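In the form predicted alone, a lone chain appears below as structure tokens.
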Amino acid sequence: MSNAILSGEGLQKYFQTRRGVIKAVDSVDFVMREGEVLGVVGESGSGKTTLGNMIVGIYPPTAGKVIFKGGDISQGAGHRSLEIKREIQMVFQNPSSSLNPKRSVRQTLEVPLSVHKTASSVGERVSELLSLVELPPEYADRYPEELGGGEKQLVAIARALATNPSLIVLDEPTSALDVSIQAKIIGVLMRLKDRLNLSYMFITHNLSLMRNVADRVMIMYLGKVREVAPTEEFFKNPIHPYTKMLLSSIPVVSDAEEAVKPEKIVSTGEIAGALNLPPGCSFHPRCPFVMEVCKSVDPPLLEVEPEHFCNCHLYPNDYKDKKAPWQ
């Protein structure tokens, strides 16, 4: 992909515990285009946050590569150049824990400005950053305890912007906030994306949010990518049984919305434990369409439509001639 800013090649992250190995991310491939929003969606334990942590260097991968602007940055943050650290930033889920309570907003923003030397006048740049995230300049002298949850997250976003990044990993940036505040944060993020030509990896469990935010959606389940597609295609033509199950469970408020939801698919079992993953496709214990091959062979991620990828034994390359059970 000629305009790719970020890609993962066979990414794995395994954690050794006393009880065994947790395969948090297992052989994940993906590509992000420059300037796009890639929505990474999954339930708790899907590996989506671990994937984001590998992108920013918090975890080095157990195997595979992280490629940024054509260069291999697979090593952890301790081995990355200052330039790479400047270009890739992260906004965490809970601003109350990601901000130092003993630092004022000004001091919080001055740290990356001083480390990366991205401003000739630190004081002026602090004011500019607050303006970018739509906070008044007097907030510079406030401390986190004096801010609301949404205001704290806006400060965290301003801190990420301080280095003039090109890519920001957003790890559930609104899930800890009230619904009314979530809309403001999303609005600020999208305006900043267009104004500063940013690329976002938007990690979330909220699939309905991605309809209006993401350019493409990537579904993860138990460490693996199960489906990837452009957003319009994804919501119009979901393919994987797990994706259909997620979409059919989204609450709606009108008959028109209900009419465009996929036919409800009810899972048949429990989510497997991370320490006891089933052989074959890890979704097969919950899938109502499970076949014998699903229990022993994990299907590859195949392009079943232009730019629409899925890994499911129901969908070989010629899947259009082999209707799925619900079609």
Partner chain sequence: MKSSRTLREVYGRYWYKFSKNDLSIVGLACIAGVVLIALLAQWISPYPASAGLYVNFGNAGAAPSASHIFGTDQNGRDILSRVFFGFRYSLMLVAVVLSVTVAPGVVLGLVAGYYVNRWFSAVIMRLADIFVAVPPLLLALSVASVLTPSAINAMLAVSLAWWPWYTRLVYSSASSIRNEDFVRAAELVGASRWHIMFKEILPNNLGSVLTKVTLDCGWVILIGASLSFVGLGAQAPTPDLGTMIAEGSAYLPGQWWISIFPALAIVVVILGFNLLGDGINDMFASGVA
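Positions refer to the first chain, counted from 1. For clarity, every value in this text was computed on a predicted model and none was experimentally measured.
Beyond what is shown, the protein has a form predicted together with the partner chain; the following relates to that form.
The stretch among 67-75, 123-131, 222-230, 92-100 whose residues place heavy atoms within 4.5 Å of the partner chain in the model of the complex is 92-100.
Not one of L198, R216 and E303 is positioned with any heavy atom within 4.5 Å of the partner chain in the model of the complex. Contact check for V56: a non-hydrogen atom falls within 4.5 Å of the partner chain in the model of the complex. For the chain shown alone, L147 is a contact residue for the partner chain in the model of the complex, at least one non-hydrogen atom being within 4.5 angstroms. Taking non-hydrogen atoms only, T163 approaches the partner chain to within 4.5 angstroms in the model of the complex. Proximity of R142 to the partner chain in the model of the complex: non-hydrogen atoms within 4.5 Å are present. Of all the residues from 205-237, none has a non-hydrogen atom no more than 4.5 Å from the partner chain in the model of the complex.
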